[in-house]
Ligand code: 5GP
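The chain below stands alone and is given in structure tokens; this is the form predicted on its own.
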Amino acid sequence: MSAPVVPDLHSVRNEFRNELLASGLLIDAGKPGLYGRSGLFDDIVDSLDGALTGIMAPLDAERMRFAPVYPKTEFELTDYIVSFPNLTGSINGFTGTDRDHASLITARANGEDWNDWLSPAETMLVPAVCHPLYERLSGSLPVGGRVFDLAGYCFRHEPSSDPMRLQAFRMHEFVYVGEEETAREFRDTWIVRLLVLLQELGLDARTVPANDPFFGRAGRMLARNQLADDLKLELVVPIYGDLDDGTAVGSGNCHGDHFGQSFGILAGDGSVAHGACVAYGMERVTLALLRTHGFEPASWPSDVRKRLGWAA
């Protein structure tokens, strides 16, 4: 008698993806990590976001929304290209003459590459929804700092067949900018609130120390420092059971004075401003709910439906 086939992580991820596509919740958009979303999928996102906004209401955060594109000059000040060149997305556009246009059309008709007729548009795709905020804060902040409610689409160039890892995704982020001690307290307090919400939604969520996927040799040192200084906490859910260590669906980060230094932001006490944030991935938590409770929200546990504001 042959031994039973033990599924590997790659096959389980592909199975989850195929099930999502077959159900119509996700729509194949032609490239790994790019999907359309059904109305039902976005109904879950909207209800989830309402629950999150509810627990964050005591912050009385300033609500802002930015486009998923911002100036290259601001992108450069974040130093993102130093740490994550492999995830970066730059926008190109056509600025040529009629003759250039004719050459482009000829190349295209011949099945040739026409990228050479495009030039940098000096704009970048936003990798984190907080990035367009900091230029708006240059100068002095009031004592006690400011708190912001930010949400929108982000882009990171990491194509994958894993539906939990998207190239274009939505993030909801609450950001504090101000005094150093308050920044750390903000992260530590509100990451717990987010964890409790995920658990109330029936997810087997936990908080773990983590580091960002910094690129290169210098990046490995940054990752070690980030762990040693307890700068990043992730909220992980075991999407694929025991086959991996869980997938991050949210995080809490202490930015130190990085953005304060880069963008010339001063705290109310005159020191360089520190920042912190608590964020969650809208698609990732929604997918975690679907993986945990099934593809029919009408049959989800009554306490989960109630927490989402639906009829039990």
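Being a predicted model, the structure only gives us computed values, none of them experimental. We number the residues from 1 along the sequence you see.
Keep in mind the form predicted together with guanosine-5'-monophosphate (5GP) is missing from the figure; the text below concerns it.
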Per-stretch contact check against guanosine-5'-monophosphate (5GP) in the predicted bound form, the hit in 161-169, 197-205, 118-126, 93-101 (non-hydrogen atom, 4.5 angstroms): 161-169
Is residue 265 close enough to guanosine-5'-monophosphate (5GP) in the predicted bound form to count, meaning some heavy atom within 4.5 Å? no
Partner contact for residue 274 in the predicted bound form: guanosine-5'-monophosphate (5GP), 4.5 angstroms, heavy atom: no
Heavy atoms within 4.5 Å of guanosine-5'-monophosphate (5GP) in the predicted bound form: does residue 260 have any? no
Any of the heavy atoms of residue 248 lying within 4.5 Å of guanosine-5'-monophosphate (5GP) in the predicted bound form? yes
Sequence order please: the residues of 265-301 with a heavy atom within 4.5 Å of guanosine-5'-monophosphate (5GP) in the predicted bound form. 279, 280, 281, 283, 284
